[in-house]
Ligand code: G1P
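Single chain ahead, by itself, as structure tokens, in the form predicted alone.
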């Protein structure tokens, strides 16, 4: 069973400036609720027991959000407001399952994952990228179900994107279909040129990864943009014979990483 998840949160959030000049993008509200809580709720519903959040010293506000007990206790002592009490209990529930590690240099998702090496206990773990919200159906839960059927396989969420945008994504090359929603992955390429992309099946920010990925990450060279990409390490694992399954999820995808996407996502969530 998958019991641990990691969430990389150390990114600078430059695409959401000026909001992120003082405020972490993961705490920006969507329909009155910080974005990070949607990700945590997805984890809880999927059966995750521990979440490791990777932050930087510049984003300690995220940690403070979950560890601001004195503030709540003072308010509740003066004011018996059921809504405040309910919010405090909810945050306490999150707090019990979260651990924080630090990535102070923005060296990419692969480097962020490597920071969690000493905390991962089991053979496989879940990773969720906070810019990618998937609503209406729990993608992580569905992926864990697939993994439980195919014990030695990793799973990555997939979605078809317009051909002209493939250079923004990690892109899969299919090996063969497993069923209507899932396929075996033959290769994955980070941000390929449009005319060289093997498909328009894109990597979306949900991964079930093997613990052995840490051994590869330790020696992973920097890729595009001078960063260590988790996609490049996954590609090497596939070459080495590790099985990866692409999952065409049924939920609705929301991109919260840009200003346009954040505004659109907020509107979409408010309609649920």
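In this text the structure is predicted, and so the values were computed from the model without any measurement. Numbering follows the first chain given and starts at 1.
One more form of this protein, predicted in complex with the named molecule, exists but is not displayed; see below.
Chemist: Find out whether any non-hydrogen atom of residue 15 is located within 4.5 angstroms of the named molecule in the predicted bound form, and reply yes or no.
Modeler: Yes, residue 15 is a contact residue.
Chemist: With the cut-off set at 4.5 Å between non-hydrogen atoms, does residue 111 touch the named molecule in the predicted bound form?
Modeler: Although the named molecule is absent here, residue 111 would stay clear of it in the predicted bound form, with no heavy atoms inside 4.5 Å.
Chemist: If you check in the predicted bound form, is residue 128 within 4.5 Å of the named molecule, heavy atoms only?
Modeler: No, residue 128 sits far enough from the named molecule in the predicted bound form that none of its heavy atoms falls within 4.5 Å.
Chemist: Does any heavy atom of residue 117 come within 4.5 Å of a heavy atom of the named molecule in the predicted bound form?
Modeler: Contact with the named molecule, no.
Chemist: Given that the named molecule is left out here, which of 39, 51, 204, 208 has a heavy atom within 4.5 Å of it in the predicted bound form?
Modeler: Exactly one listed residue reaches within 4.5 Å, namely 204.
Chemist: Sort through 186, 150, 90, 191 and report the residue having a heavy atom within 4.5 Å of the named molecule in the predicted bound form.
Modeler: Exactly one residue meets the criterion: 191.
Chemist: In the predicted bound form, which of the stretches 96 to 104, 176 to 184, 69 to 77, 163 to 171 has residues with heavy atoms within 4.5 Å of the named molecule?
Modeler: This holds for exactly one stretch, 163 to 171.
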